[in-house]
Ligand SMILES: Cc1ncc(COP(=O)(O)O)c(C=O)c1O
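Presented below, as structure tokens, is a lone chain in the form predicted alone.
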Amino acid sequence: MRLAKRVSGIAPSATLEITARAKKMAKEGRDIVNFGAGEPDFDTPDHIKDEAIKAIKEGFTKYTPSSGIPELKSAIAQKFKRDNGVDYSPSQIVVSNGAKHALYNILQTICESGDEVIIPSPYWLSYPEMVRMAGAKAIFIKTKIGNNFKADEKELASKITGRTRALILNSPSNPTGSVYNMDELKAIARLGVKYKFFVISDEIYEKLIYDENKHISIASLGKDIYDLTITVNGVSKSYSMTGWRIGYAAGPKEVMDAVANLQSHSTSNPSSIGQKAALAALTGDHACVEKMKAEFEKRRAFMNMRLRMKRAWR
């Protein structure tokens, strides 16, 4: 059987494979701690579930606009302004079936054969596969532990060519946890503006950062880089809503109009019920986010302590 070239070279998701294996082992009665998928182990907060149940009971189970319901897009715009200091109008926002879907849509929209997309390594494993599916080539920056696994200005500049179409910036990073500071983001912005490439800013972990780190959206650093940035986020990590599949992206209107058109012919709208749940998450009480983060911080401290103890025993 002959398959299309665009899929024949794509590797399956190792994260999903590991997660499936861990779940199988747990069902067999084995004591498993699963570090595969980036999935909070908390239940979705009750006030979010209640709004979803209400939507079902009220019959909100039909098609919606393919790019998302207006009230959710307005709430996302308000979230960007409140949390990130970035002004996006609802017309610049597309709601998708998870942040992964948003990233896929963006790369399909801006990339063509022969284009290059720069990805700092270590990276989330789906980035290069999505780049390949868009017909482009992934160019990797091998980061170092001494620089907290972050790409500096010199390293990034060395990878830029006339074919560079975009940089995927993941801060806070999966899997390294690194968070780019203001000066580092300004350096990236300078290069983006100078060489006119897009910055795809994956900010899905923005609420789960620790110590003195502070999340900064690169789109907030001035109009020039704002016009070249496509910001991706969602409700999966912050609100423990991985299965609801609601992500979103915002960026230049011309790009986002094309993303919306692409989505309208592929998946159409995200789940109507999921959108109502996401609206409740973004506009409701955020104490649940801080509560989950506090628990993650306790676990992080415990793991660090045990790892230090193990090192000392050697």
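Please read these numbers as outputs of a predicted model, since none were measured by experiment. Note that residue numbering follows the sequence shown and begins at 1.
Keep in mind the form predicted together with the ligand is missing from the figure; the text below concerns it.
Student: Just one of Gln108, Ser91, Asn213, Asn174 has a heavy atom within 4.5 Å of the ligand in the predicted complex. Which one?
Tutor: It is Asn174.
Student: Please tell me which of Tyr205, Phe197, Tyr180, Phe80 lies within 4.5 Å of the ligand in the predicted complex, judged by heavy atoms.
Tutor: None of the other options qualify; the answer is Tyr205.
Student: Test of understanding: in the predicted complex, would Trp124 fall inside 4.5 Å of the ligand by heavy atoms?
Tutor: Answer yes; at least one heavy atom of Trp124 falls within 4.5 Å of the ligand in the predicted complex.
Student: Answer for Asn170 alone: is it within 4.5 Å of the ligand in the predicted complex, judged on heavy atom distances?
Tutor: Contact check for Asn170: yes, within 4.5 Å of the ligand in the predicted complex.
Student: I'd like to know if Arg165 sits close to the ligand in the predicted complex, meaning any non-hydrogen atom pair within 4.5 angstroms.
Tutor: Because no heavy atom of Arg165 falls inside 4.5 Å of the ligand in the predicted complex, the answer is no.
Student: Quick one: is Pro128 in contact with the ligand in the predicted complex, heavy atoms, 4.5 Å cut-off?
Tutor: Taking the distances in the predicted complex, the answer for Pro128 is no, it never comes within 4.5 Å of the ligand.
Student: Name the stretch, out of 83-91, 186-194, 234-242, 215-223, where some heavy atom lies within 4.5 Å of the ligand in the predicted complex.
Tutor: That would be stretch 234-242.
Student: Heavy atoms within 4.5 Å of the ligand in the predicted complex is the criterion; list the residues of 90-105 that meet it.
Tutor: Residues within 4.5 Å: Gly98, Ala99, Lys100, Leu103.
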